[in-house]
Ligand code: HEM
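Only one chain is shown below, in structure tokens, and it's the form predicted alone.
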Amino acid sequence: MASYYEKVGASTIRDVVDRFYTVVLDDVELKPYFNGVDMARLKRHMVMLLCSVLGGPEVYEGHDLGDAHRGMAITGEHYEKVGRILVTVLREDFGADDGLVEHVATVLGQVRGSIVEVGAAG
């Protein structure tokens, strides 16, 4: 059985990541999290991460997700919003099937605790 990565390919994943960050950065609540961030570098890391999550050969070699997000005061509300944006981009902009979307949603749920800061004000 083909992996989700094999079904969509690296080129599509790059396009998904570009569209995802376009939407995220257009959101007034989320944009401040990215002030001063090297977006080209962040996008490369996100492509590697998403490729890995989808079963591709790319190995994510970026920072541990908890370390990368520590001190950013990411709220549960904002984490959920980012997750909804990713799912919407996958489904509506790229026609991802339910299995792929559910897989990504499951992984988002698994890493939530590493990214959301308890007590962060939203």
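Throughout, we count residues from 1 along the sequence that is shown. This structure is a prediction, so every number in the text was calculated from the model and none was measured.
Form predicted in complex with the named molecule: not shown, discussed below.
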query: Within 4.5 Å of the named molecule in the predicted complex, all of Y4, V17 and F94 (non-hydrogen atom); finding: no
query: 4.5 Å heavy atom contact, V37 to the named molecule in the predicted complex; finding: yes
query: Residue contact check: C51 to the named molecule in the predicted complex, 4.5 Å heavy atom; finding: no
query: Contact of V8 with the named molecule in the predicted complex (heavy atom, 4.5 Å); finding: no
query: Heavy atom of V87 within 4.5 Å of the named molecule in the predicted complex; finding: no
query: Members of 66-81 lying within 4.5 angstroms of the named molecule, judged by heavy atom, in the predicted complex; finding: A68, H69, M72, I74, H78, Y79
